[in-house]
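One chain follows as structure tokens, the form predicted alone.
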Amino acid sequence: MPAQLPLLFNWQVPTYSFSNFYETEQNQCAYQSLLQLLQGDGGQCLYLWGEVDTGKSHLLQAACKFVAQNNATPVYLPFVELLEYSPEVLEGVNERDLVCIDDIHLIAGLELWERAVFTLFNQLREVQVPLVISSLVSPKALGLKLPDLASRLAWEGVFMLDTLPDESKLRVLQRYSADLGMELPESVGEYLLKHCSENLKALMSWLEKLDYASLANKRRLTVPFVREVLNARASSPT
């Protein structure tokens, strides 16, 4: 593995796992196909696409955790941060046991990056290393300058993930709270969904802050306490 690959891009989010992924009926086929790929029972490449907050990044990082727990070496490549570097960082990535590329739509129109990903795709296929990709759009809608890359991305499993309704988001937040060792009453979860960002990542960040505030103040999560914490943070200087 080349020294220039930032350590940041090795999978590193233990809170994202299959155990706390909320598997809806709409997303069940994609979820099961990913498990089959990781267990060697499916294809070699999986392409997951959908709007923000559909669980794409969660699934990619959960896949990395699953592989790591089975004594293999995954790599997680979020293009939202990877584009700060040269495409040369992808050299040697095919030596890993699983490659997960997040937000591949960000390379559309960037010829050097498109060619680097195209080369990586072919290398991974040659050594039969599984590849999992996420995007906001389908392979056909990527708008890539390299048509061969677009066609290869659509060769195997392509699945659209659906946005979670508020009821499902609440269950996700409750599972995440349990992972933090904290109970999230439905009334508090509903309050957060109504008064905070609807983005699950932001809501999870709020839960981490509330967990700290709850321990520091030795108070349980209630709507009045959460309102107090939110108001205090909103009024504090940035």
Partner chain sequence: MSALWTACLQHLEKTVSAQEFNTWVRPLQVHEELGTLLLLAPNRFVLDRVKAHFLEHIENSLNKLNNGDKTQVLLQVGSRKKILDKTLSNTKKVASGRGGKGKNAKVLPLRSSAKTSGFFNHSPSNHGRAHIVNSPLNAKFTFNNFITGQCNQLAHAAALQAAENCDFNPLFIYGGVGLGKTHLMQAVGHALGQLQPNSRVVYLHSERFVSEMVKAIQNKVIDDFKDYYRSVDVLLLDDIQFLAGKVRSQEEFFHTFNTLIEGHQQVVITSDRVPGAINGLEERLKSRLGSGLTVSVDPPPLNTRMDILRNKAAQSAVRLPDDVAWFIADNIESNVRELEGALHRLLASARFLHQDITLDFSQQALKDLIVTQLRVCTINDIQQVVAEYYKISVEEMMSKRRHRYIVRPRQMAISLAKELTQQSLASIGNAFGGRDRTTIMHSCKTINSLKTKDQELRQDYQNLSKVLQH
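The shown structure was predicted, so the numbers you read here are calculated from the model rather than taken from an experiment. Numbering follows the first chain given and starts at 1.
Keep in mind the form predicted in complex with the partner chain is missing from the figure; the text below concerns it.
For the candidate spot formed by Asn20, Leu215 and Glu228, no residue has a non-hydrogen atom within 4.5 angstroms of the partner chain in the predicted bound form. In the predicted bound form, at least one heavy atom of Ser33 sits within 4.5 Å of the partner chain. Contact check for Leu48: no non-hydrogen atom falls within 4.5 Å of the partner chain in the predicted bound form. The partner chain in the predicted bound form comes within 4.5 Å of a heavy atom belonging to Gln61. The partner chain in the predicted bound form is approached by Val158, whose closest heavy atom lies within 4.5 angstroms of it.
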